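Just one chain is shown here, as structure tokens, and it is the form predicted on its own.
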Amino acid sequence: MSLLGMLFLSVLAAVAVAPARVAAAGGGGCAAERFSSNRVYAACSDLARLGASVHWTYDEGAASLSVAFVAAPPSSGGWVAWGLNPTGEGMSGTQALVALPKSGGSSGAYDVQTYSINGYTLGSPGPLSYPTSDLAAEIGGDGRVRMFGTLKLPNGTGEVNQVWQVGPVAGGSITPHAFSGDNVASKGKLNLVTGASTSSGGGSSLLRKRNTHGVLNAVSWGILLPMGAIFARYLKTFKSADPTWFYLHVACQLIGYAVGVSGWATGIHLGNLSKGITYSLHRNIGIAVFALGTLQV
């Protein structure tokens, strides 16, 4: 086979395996979370709504659930909540842990309150139907709130209904969350044993969108555009490759740039979904790469 043919097949093979490589290397999401006080959990799940994640260790013999919930409030100083509903899939009946700023405490300090929710109003704090311990909360450097706790569940518990939510705080008090979009669909089932997580209302998960963003950018900026430059730099020195090298160069550059635009647009969409979370370095690098790529075109 000629050198030209081998290079062309290499490009096709690289594009074909790129998604698998990105997915395998994408140990991000909830798996990349690190917690204070050496807290470590056996399993985690990126929830499909509100950019939240839940981490847990479940002692099936003791029916003890150690949990960490991570989410960004809709605005600085807001509240986040996570809970289990033993009677249904919605808000009514939920046994909730709610993290909110400490009243009169130091800036950024959070406290955890428990609510046994009856109906569709939060009511007043009170004990849960599940005994709780080790309740704590903190705010991370990324602006997200991390809430921790341990719940004693009924023996034989395997799959649970989970509900999570975020909302604002005004005058030191919890105020209602939004009643549209992800806020009304932030519920689902969680299998504590297998780790399977489902969300109500369907829709693409945030993790799948992040993976798509990574794949598109890896294929465009990482494979197609460099290969187009390689074709123009090295293949044109072979007379037998003329004018094939030019068409390969143009094809790689045009397709690579189009895929890169899609990856960049997906990143902008993810930024709009992740309220309260800003990855400044990643964003700035992405803007610089896209601007330079567009200028080169």
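Residue positions are given as counts along the sequence shown, with the first one as 1. Computed from a predicted structure; not experimentally measured.
The same protein also exists as the form predicted together with ligand HEM; that form is not shown, yet it is the one meant from here on.
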Requested in this report: May I ask whether 259, 267 and 290 each come within 4.5 Å of ligand HEM in the model of the complex, counting any non-hydrogen atom?
Outcome: no
Report task. Answer for residue 220 alone: is it within 4.5 Å of ligand HEM in the model of the complex, judged on heavy atom distances? Result -> no
Query raised in the report: residue 183: heavy atom within 4.5 Å of ligand HEM in the model of the complex?
Result: yes
Query raised in the report: Can any non-hydrogen atom of residue 175 be found within 4.5 angstroms of ligand HEM in the model of the complex?
Result: yes
Query raised in the report: residue 148 near ligand HEM in the model of the complex, any heavy atom under 4.5 Å?
Result: no
Query raised in the report: If we take heavy atoms and a 4.5 Å cut-off, which stretch out of 211-219, 167-175, 124-132, 150-158 is in contact with ligand HEM in the model of the complex?
Result: 167-175
Requested in this report: Just give me the single entry in 225, 192, 112, 117 that has a non-hydrogen atom within 4.5 angstroms of ligand HEM in the model of the complex.
Outcome: 117
Query raised in the report: Of these, 108, 86, 143, 90, which has a heavy atom no more than 4.5 Å from ligand HEM in the model of the complex?
Result: 90
